[in-house]
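So this first bit is one chain, no partners, the form predicted on its own, shown in structure tokens.
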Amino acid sequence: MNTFKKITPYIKQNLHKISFGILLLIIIDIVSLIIPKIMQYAIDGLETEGFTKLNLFYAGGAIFLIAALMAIMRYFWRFFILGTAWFVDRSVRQEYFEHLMSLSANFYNKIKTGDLMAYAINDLNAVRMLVGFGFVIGVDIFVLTAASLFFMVSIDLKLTLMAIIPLPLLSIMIVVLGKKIHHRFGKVQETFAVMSGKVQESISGIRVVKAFVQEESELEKISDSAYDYVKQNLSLVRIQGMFHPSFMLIIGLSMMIVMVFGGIATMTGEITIGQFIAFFQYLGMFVWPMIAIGWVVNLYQRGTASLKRLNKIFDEQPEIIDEESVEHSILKLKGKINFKQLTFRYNEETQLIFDNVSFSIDAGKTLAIVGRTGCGKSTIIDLITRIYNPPKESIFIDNKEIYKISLQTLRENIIMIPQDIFLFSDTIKENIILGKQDSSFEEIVQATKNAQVYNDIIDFPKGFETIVGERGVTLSGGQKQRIAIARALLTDPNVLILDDALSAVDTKTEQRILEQLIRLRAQKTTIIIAHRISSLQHADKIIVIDAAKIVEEGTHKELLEYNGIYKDLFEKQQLEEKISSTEHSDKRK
């Protein structure tokens, strides 16, 4: 029962619809049992005195009315049962997506996007089929088996017993082959997830593939993955190929018995021709549930295999959650941040990122973080925004320990712009207003002007209504970064973090953007990580990280006087810029 824990509540919510659909299905099954009796009456009546053409019309009319009634009720049971299965599918899909949204960033470091997509497509489809047709087939198996067997016995008990002799073999086949179907379908879903992941990865990285002329290599990888998927499907098909023909062989054997011995009984007068034909029809009705057992086993094996895979995702718990100590009264942050003796590593197996690090920034000030690649600059940001959990009593915001601030408040008040910008495949306008949907057009224009991207946008044929393409692929790196800055400025957060968010922008544009930021955010906290030290000169405080510690701290002027790492990095960058400028000047000549 634990396998069905995620769909059971939604089935209960829609139980009235499902129950009505099942009631209609039962009525249809019962009414369909009348037709063979009418045919028996008509056929036997042909040899009876007083039976007229009018009687045949009555019999035909009755069959037509029953068929019409069944057609109407079939429409409604499909609507109530199969339609409900779609609602259950939608609800589980929604819960699945909501659960993914709740999981911590580290979860996505361990699983491929293609796997998650496969769960959302193939596995949920298998669950929907189980919910929809599982009820239908279950009712048919129960009602038609019992009712058709009753009518068969009422015609001839001995012939009925002979007809069902081969049928127990079906149960043996279901048990033996059903387990194999379950196992092999699980393998099919796993290889589909792998193939989906590879396709998604190749398409996302198509620029890199083309840049390194690796089209053939990627095609080979996809081909190998697709071939593995085919092999697993063929393995499943081989079992299913044995399953259904074996069913039909056993059913054919049963029909042969009825044809031979029922025919003899008719010839000897033990049963009438009408009864013989009716018996055959009831046998067909009895056989359908036998076939349906195979189908429902197939659906069950597929559905439960998919549910187990989905349950593994649902059982994943977010690593980053609100603690019991959260003070829900805290809704706004001023932006004062203190790090107190922070010692941190990602896990016991990795090296120390920070060793007893302490620093602070007052609300409304600008902090710049400098250091060589891999020194932990971005990790500071990840700890402030609780992408990773810091040690207790090590980070304080507005003199409150970070664990006392809810995740919602923390992330509503702190906006981070990463170096790797993500834009949705939508218009430039929709990407900019992501954090503030009710923004006026004047506010949008002003934000883009402050981010130095307005002129680029109006140069596009459709301006702000330009579709940027998947992940913003139609824009340059600098344009994407400036649109992300405009998006952040529009929300006007109390704490703004730029994690090397201007790396693709030229030096002059970067300086103009930062000057605007300093002016606009005079009373709000800003944290800047940048490789270009020349752009950090106006920061109220600069910290330099090296070897897991803060080795230098002060203003730009103070750090230059210190003659340490900061000055060394600054002078090297000055020299690089001078050489680059000279080379550019020579090329122009």
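So that there is no doubt, residue numbering starts at 1 and follows the sequence shown. Because the structure is predicted, anything quoted here is derived from the model rather than measured.
Not pictured, yet referred to below: the form predicted together with a small molecule.
Undergrad: Just one stretch in 152 to 160, 366 to 374, 298 to 306, 82 to 90 has heavy atoms within 4.5 Å of the small molecule in the model of the complex, so which one is it?
TA: Stretch with heavy atoms near the partner: 366 to 374.
Undergrad: State yes or no: in the model of the complex, is some non-hydrogen atom of Y388 no more than 4.5 angstroms from a non-hydrogen atom of the small molecule?
TA: It does: once the small molecule is placed as it appears in the model of the complex, Y388 has a heavy atom within 4.5 Å of it.
Undergrad: Do T379 and the small molecule share at least one heavy atom pair within 4.5 Å in the model of the complex?
TA: Output for T379 is yes: heavy atoms within 4.5 Å of the small molecule.
Undergrad: For N109, is any heavy atom within 4.5 Å of the small molecule in the model of the complex, or not?
TA: Result yes; N109 sits at the interface with the small molecule in the model of the complex.
Undergrad: Taking 4.5 angstroms as the cut-off for heavy atoms, does Y346 touch the small molecule in the model of the complex?
TA: Yes - in the model of the complex, heavy atoms of Y346 and the small molecule come within 4.5 Å of each other.
Undergrad: Please determine whether each residue of V453, S476 and R532 possesses a non-hydrogen atom within 4.5 angstroms of the small molecule in the model of the complex.
TA: Verified in the model of the complex; spot residues all out of contact, no.
Undergrad: Which of T272, Q419, T427, S406 has a heavy atom within 4.5 Å of the small molecule in the model of the complex?
TA: Only one option qualifies, and that one is Q419.
Undergrad: If you check L383, M195, L130, I353 against the small molecule in the model of the complex, which one has a heavy atom within 4.5 Å?
TA: That would be I353.
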